[in-house]
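Before any questions on binding or motion, here is one chain by itself as structure tokens, the form predicted on its own.
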């Protein structure tokens, strides 16, 4: 029974099947909200309300011709999309979606899992850079350089913002952080500045407007993904969708009190809270326009990092003298 439960956890919920279904749904939700904010309709025809459009796009790409450039590093060019998808899928399994109590079957809970999750979410950026570099295309190389430049801007503020709730809760375990804020929901307001910083940093991590500089079509064709097609591009797109779900789930866990209530209620809260974060990302995407890569780094170090440090300092004072 224990082995069956583990297999269901890894492959069904919240594993690979759920990951594919929910990440494609979140892509539809993001596209729909973004379109409505621009007075457009968004996906409408494939499936009811266009729900199956991201799935259709994925399988259409899977059926397309898969071209590898003659001068590319063929091994890296082929393996990186698969490795990237495996990384974000592993990160998805660390979210405390199902159980909070390890003794009750919490396979995804261990001390320091928040550090591991943040590490896994850092790897897609490195993968995008290596993918661009291995393709040897000049536009991809420029896009890859921009990916790495942005990485040095937003990553530190993101870590500081996410680790502040962990410090306040006195734990490096995601489930325990969520449980702490469920018991003391008023303290969620303390983390509001950190939540704002984290949302902006996640937008940059996902390379969405106004931080879509690495693949700016009007400047560098397709940037990082210029040479990718077919199955490889499909895997990269699915990887980005899953990364959006995992990032939203991480913010919902540490800033919105997690997903209490067992399997059914926990599942419903996971859906509602992650969609709320994705709605904020879509709103930010619709309300802004692309900025330069140097402006991203300046904004991150000039505003986001100081705000995250102030948040961390306030949490230390609160932890030391009040709680």
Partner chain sequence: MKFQIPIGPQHPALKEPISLRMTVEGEVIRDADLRLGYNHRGIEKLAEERTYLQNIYLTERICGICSHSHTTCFVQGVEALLEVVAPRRGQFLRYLVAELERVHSHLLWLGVAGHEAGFDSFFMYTWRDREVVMDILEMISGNRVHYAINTLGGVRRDIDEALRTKILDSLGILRARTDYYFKLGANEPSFVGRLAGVGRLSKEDALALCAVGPTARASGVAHDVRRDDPYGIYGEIPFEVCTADSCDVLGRTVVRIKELGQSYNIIEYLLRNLPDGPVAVKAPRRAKPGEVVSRDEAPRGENIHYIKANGSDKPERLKVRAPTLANYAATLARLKNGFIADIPLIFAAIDPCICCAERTVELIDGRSGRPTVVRWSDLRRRAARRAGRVSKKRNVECPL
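Numbering follows the first chain given and starts at 1. Since the model is a prediction, treat every value here as computed from it, not as a measurement.
Omitted here: the form predicted together with its partner chain. The next part is about that form.
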- line: Contact with its partner chain in the model of the complex, heavy atom within 4.5 Å, among 286, 63, 272, 265 goes to 286
- request: Work out which of 56, 67, 37, 51 lies within 4.5 Å of its partner chain in the model of the complex, going by heavy atoms.
  value: 37
- prompt: Can all three of 74, 91 and 226 be found with a heavy atom no more than 4.5 Å from its partner chain in the model of the complex?
  reply: no
message: Which is the contacting stretch out of 289-297, 251-259, 22-30, 272-280, given heavy atoms within 4.5 Å of its partner chain in the model of the complex?
response: 289-297
field: 4.5 angstroms heavy atom contact with its partner chain in the model of the complex for residue 196
entry: no
message: in the model of the complex, does residue 240 come within 4.5 Å of its partner chain, counting heavy atoms only?
response: no
query: Should residue 146 be classed as touching its partner chain in the model of the complex when contacts are defined as heavy atoms within 4.5 Å?
result: yes
- request: Tell me, yes or no, whether residue 183 is in contact with its partner chain in the model of the complex, where a contact means a heavy atom of each within 4.5 Å.
  value: no
- line: Checked 215-232 against its partner chain in the model of the complex; residues with a heavy atom within 4.5 Å, sequence order, are 217, 218, 219, 220, 221
